[in-house]
Ligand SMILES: C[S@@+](CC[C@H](N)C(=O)[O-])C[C@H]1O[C@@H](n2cnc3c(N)ncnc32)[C@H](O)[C@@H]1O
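Given as structure tokens, the chain that follows is alone and in the form predicted on its own.
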């Protein structure tokens, strides 16, 4: 029995009917917790390896010393050496003791390098340090209620843009847009398109470039994201696209009636202060022959249906430390990322959409794609 299990087993039970302490289960759970601590530390190091380009550098060179890798990546050797130690202990990087050289196995590079996009899982590791930065704020919310505002997440839009760059952008033309039968022909001919909660607007930029006869608009609460998006659109010469910083809390009343034939949201509705108001606004601004395409987290509204979700723990954590709390910071509904298909269908119907279908894509375990029509 482990030391911790011995301590726990020695404590008297106040419940005479309690089941006897299971030493095997306690030892197994303790081992799992140790693995969790190592995994959390590894996530931080994977994030650093992605941001500094160390995984990409290791992927490009033969086995190297820490000094050679640091020189190749243009980084400080002492930090690179310690990073390599952590990744070697985690068996992510291979270390040859005789030659003192490190290498990244091809099988590991296949999900840790930019070359591996859209399968680069190092992108998602960035959520761990980004969300860890607001832990004190979240603890305060646990104790006093309220929420954490968007401005406490300086890198979140950057990470989200990379996330969607793997799940949405590579699949946009071949898999996502075809779900809305016939929309490509309408885009070719020229229609008005709105993306609500657009963030940095990379999906809109791709569509605006491909379909120059159509006009594209993006709304987002974040002024920083909108400023970045407008500057990038100008840099790309996309005159048929612009972005606006806009609070959508009253979108059900403020939306311009029947102004857009195609409306999209990419992982945006559950973050809103008033999701139903946003959805009603989308219905109001959509033409009667229009289509609304919503990408959102693929899960159930019921916890027991999410117990076997392959990334359920991660999604609930992102929800607690971002999606739910940014809504609550605006005195909002706080739906959270795991609002689920059942609640989504309920709100779509309440917003005035008569027909909603749910689609899943083979490459994307994280999201589902709703098509809503008046």
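Residue numbers count along the first chain shown, from 1. Owing to the predicted nature of the structure, the values given are computational and were not obtained by experimental measurement.
From this point on, the text means the form predicted together with this ligand, which you will not see here.
Of the residues given (151, 247, 288, 143), 247 alone sits with a heavy atom within 4.5 Å of this ligand in the model of the complex. Out of the listed residues 211, 260, 156, 83, 156 is the one that sits within 4.5 Å of this ligand in the model of the complex by at least one heavy atom. This chain is displayed without this ligand, yet in the model of the complex the stretch 190-198 from 190-198, 128-136, 232-240, 176-184 comes within 4.5 Å of it by heavy atoms.
This ligand is not shown here, but in the model of the complex it comes within 4.5 Å of a heavy atom of residue 330.
This ligand is not drawn, but in the model of the complex it has no heavy atom within 4.5 Å of residue 113. Of the heavy atoms in residue 217, none are within 4.5 Å of this ligand in the model of the complex. Heavy atoms of residue 73 never reach within 4.5 Å of this ligand in the model of the complex, leaving it off the interface.
The candidate site formed by 160, 268 and 272 is fully in contact with this ligand in the model of the complex, as each residue has a non-hydrogen atom within 4.5 angstroms of it. Shown without its partner, the chain has no residue in segment 94-126 with a non-hydrogen atom within 4.5 angstroms of this ligand in the model of the complex.
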